[in-house]
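Before any questions on binding or motion, here is one chain by itself as structure tokens, the form predicted alone.
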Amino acid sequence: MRLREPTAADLRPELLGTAFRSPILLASGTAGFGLELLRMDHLDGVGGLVSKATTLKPREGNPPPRIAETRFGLLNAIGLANPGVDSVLSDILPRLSGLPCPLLVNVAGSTEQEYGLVVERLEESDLPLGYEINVSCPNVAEGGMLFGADPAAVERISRRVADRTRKPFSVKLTPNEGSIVESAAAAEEGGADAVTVCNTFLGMSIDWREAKPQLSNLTGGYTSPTLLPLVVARVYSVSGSVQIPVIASGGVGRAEDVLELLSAGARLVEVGTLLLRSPDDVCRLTKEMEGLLE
């Protein structure tokens, strides 16, 4: 695959059956379900929003501390805390009717069957444009291995989802185990409309004075602008191996980073940790990208 020079058309991408007003998506887990940002009017310039994870049953998540700031980035081990799909359907999605951008609901599961069951329930709502299927969850039935580390499991989950929805969905892949290229190909074979590259990188931080981990879960997902070269490499490799669109996720700290990921082959780019410091930064990034291309 050859690198490509982004153009103004890339700032208004058309994929997943819709026209996005910006290539920037808010990454899962960084904007909740969008209710707070909607009330604060901080969704200008946002191309789309990926909700926090939704599971079949409610999950309290990991005990605190579950977020730790490091010298160069952030560690989190939230544990997929969410109210469960029934509550999302009855209490949350009806309040998002005024959302000014498309919504993708992030779906997680403890077993392969749960992915299909959650999507089947979410089909009762007309609001979501589609789904982001998080296969970076531990596979409880198989001793804790990540679903995304096993291309065969990725393909089976993708088929389960494709059988239960006519809406588009992306499969969010892990960079931590297995081959992300093979898993991307498996998602495509299973019927996925896109792949998200990638979930957080496994990290750990220790208070050496007390020999104590900074997170109650010991390890967590690491997010940081320093990860950009790692994400760019994976986006480039995956986009050259599949025919479906690639959504980049991770490492974005400025407008140039978004354009670099588009040049590597991404069609949409998720932004997350950056928003925790400044929720209206997406509008700034979009304007800066327009200026850089001009």
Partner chain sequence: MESNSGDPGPLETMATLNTVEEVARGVFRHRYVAPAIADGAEPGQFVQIEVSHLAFPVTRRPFTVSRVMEEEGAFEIVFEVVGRGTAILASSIPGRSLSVMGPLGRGYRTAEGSWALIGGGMGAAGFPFLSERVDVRLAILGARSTEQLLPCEAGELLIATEDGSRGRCGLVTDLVFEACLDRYDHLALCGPLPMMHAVVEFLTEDVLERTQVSAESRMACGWGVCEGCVIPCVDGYRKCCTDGPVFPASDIDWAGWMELCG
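Numbering follows the first chain given and starts at 1. Remember, it's a predicted structure, so these values are computed and weren't measured experimentally.
If you look for the form predicted in complex with the partner chain, you will not find it shown, but the lines that follow are about it.
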Self-check item: Contacting member of Pro83, Pro168, Gly178, Gly221, with respect to the partner chain in the predicted complex [4.5 Å, heavy atom]
Solution: Pro83
Exercise. Please check if Leu74 has a heavy atom lying within 4.5 Å of any heavy atom of the partner chain in the predicted complex.
Key: yes
Quiz prompt | the partner chain contact in the predicted complex: Pro13, any heavy atom under 4.5 Å | solution = no
Self-check item: 4.5 Å heavy atom contact, Met40 and the partner chain in the predicted complex
Solution: yes
Quiz item: Any chance Leu276 has a heavy atom within 4.5 Å of the partner chain in the predicted complex?
Solution: yes
Quiz item: So which stretch, 262-270, 228-236, 242-250, 23-31, is the one near the partner chain in the predicted complex (non-hydrogen atoms, 4.5 Å)?
Solution: 23-31
Exercise. Report whether all of Leu99, Asp193 and Asn199 sit within 4.5 Å of the partner chain in the predicted complex, measuring from non-hydrogen atoms.
Key: no
Self-check item: Sequence-ordered residues of 62-81 touching the partner chain in the predicted complex, heavy atom within 4.5 Å
Solution: Asn62, Pro63, Pro64, Pro65, Arg66, Ile67, Ala68, Glu69, Thr70, Arg71, Phe72, Gly73, Leu74, Ile78, Ala81
